[in-house]
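Read the single chain below, which is given as structure tokens and is the form predicted on its own.
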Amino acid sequence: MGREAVIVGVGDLPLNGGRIVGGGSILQVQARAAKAALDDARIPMSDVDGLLVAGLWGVPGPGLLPSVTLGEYLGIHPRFADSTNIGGAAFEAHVAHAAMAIEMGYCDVALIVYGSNQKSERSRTLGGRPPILTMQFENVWGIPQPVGGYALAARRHMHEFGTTEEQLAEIAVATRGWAALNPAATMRDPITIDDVMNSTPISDPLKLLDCCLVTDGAGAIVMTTADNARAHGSTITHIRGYGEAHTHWSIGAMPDLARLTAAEMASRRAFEMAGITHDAIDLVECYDSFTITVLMTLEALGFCKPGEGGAFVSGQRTAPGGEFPMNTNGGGLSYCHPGMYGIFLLIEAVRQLRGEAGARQVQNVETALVHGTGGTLSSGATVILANN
């Protein structure tokens, strides 16, 4: 490949109690994350000519033009810009879009950025979505957003396949086990199946510990050509395959409440592009907005058959020491969840592939699958990464 696109830098900001250390405006925290990733890549900000941004900040207002607003703040004039927002899966899609732009010569150095200070500003107000367009059929009846839609999917999955609440709890416990190994994780105290089962009911059958955190957060990723990476002495992570899809926004339009069609479509494309099978994947980082998200994603990605997700995750299979390492930084359930989590899945996968994950490092990781989910089980984007 003449212009192979590779990931060369990642960066995120430390949290304390779910808030970004040192605080800052939404533009400031994104700028600091961008600098951290560029320093990691050994590439100066002045070389950036591609900017990919998604977020809910500053809407209405400057956030309606997020890449333009952030580009002005960073002092860069990109010749390739992408503000695609498909929810938490946006950043996996951005990696794909940046790879295509780099390979086609539209840009040489692409910067992917996300930031949110929703916890500090107490701005998580999704329940106030106006009942217009497709939302007119749901919000007027008081469905809690977004947890209500995920709860409906969970209950349907239980009805069709016999999935249990205890099996969902296995996911929360395993993820907390990884968080205990991550000094940056917001929630690190061990929990048990009983702790999850006895936590506060939120939207039947989901309980408090089935739900992701509400935190601040900022992260960034730098991509360039393999040749440019070598010239700068950057550490290279290869992009072997990617795919993206979306099927609905309102939960009433989901094609099948017990089946994550968008993830099936996106991952199928990624595996085809990578030319590998599931046996080649050493590590999985998948979006865990809720425990049901993980279970349905594993089925859709093809690691188990539809209806077998509950059995697949049982016995702490995905916990530290288990045979299927997954969400190794503690995930959205225990590490952080600043509104849109997908960029942090990618950052963790890169660090694992580099062998930089410290106490939570999985041994002999050569290939990692990252999958983001957005909306209300609405969108999916898959990226397959490798270190050689």
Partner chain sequence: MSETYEKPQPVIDPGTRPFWDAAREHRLSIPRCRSCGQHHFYPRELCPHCHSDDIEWIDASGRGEVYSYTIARKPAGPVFAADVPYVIAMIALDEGPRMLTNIITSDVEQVRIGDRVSVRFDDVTPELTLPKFTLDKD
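Positions refer to the first chain, counted from 1. Everything numeric here is computed off the predicted structure, so don't read it as measured data.
Missing here is the form predicted in complex with the partner chain; even so, the following discussion is about that form.
Here the chain stands by itself, but in the predicted complex one stretch of 142-150, 190-198, 272-280, 297-305, 142-150, has heavy atoms within 4.5 Å of the partner chain. For the three residues 21, 118 and 181, a heavy atom within 4.5 Å of the partner chain turns up in the predicted complex in no case. In the predicted complex, at least one heavy atom of residue 254 sits within 4.5 Å of the partner chain. Put simply, residue 84 is far from the partner chain in the predicted complex: not one heavy atom of it is within 4.5 Å.
Residue 214 falls outside the set of residues with a heavy atom inside 4.5 Å of the partner chain in the predicted complex. The partner chain is not drawn, but in the predicted complex it has a heavy atom within 4.5 Å of residue 203. Residue in contact with the partner chain in the predicted complex (any heavy atom within 4.5 Å), chosen from 261, 167, 250, 228: 250. 156 is the sole member of 240, 268, 156, 317 with a non-hydrogen atom lying within 4.5 angstroms of the partner chain in the predicted complex.
Contacts of stretch 329-343 with the partner chain in the predicted complex, defined by any heavy atom lying within 4.5 Å, are made by none of its residues.
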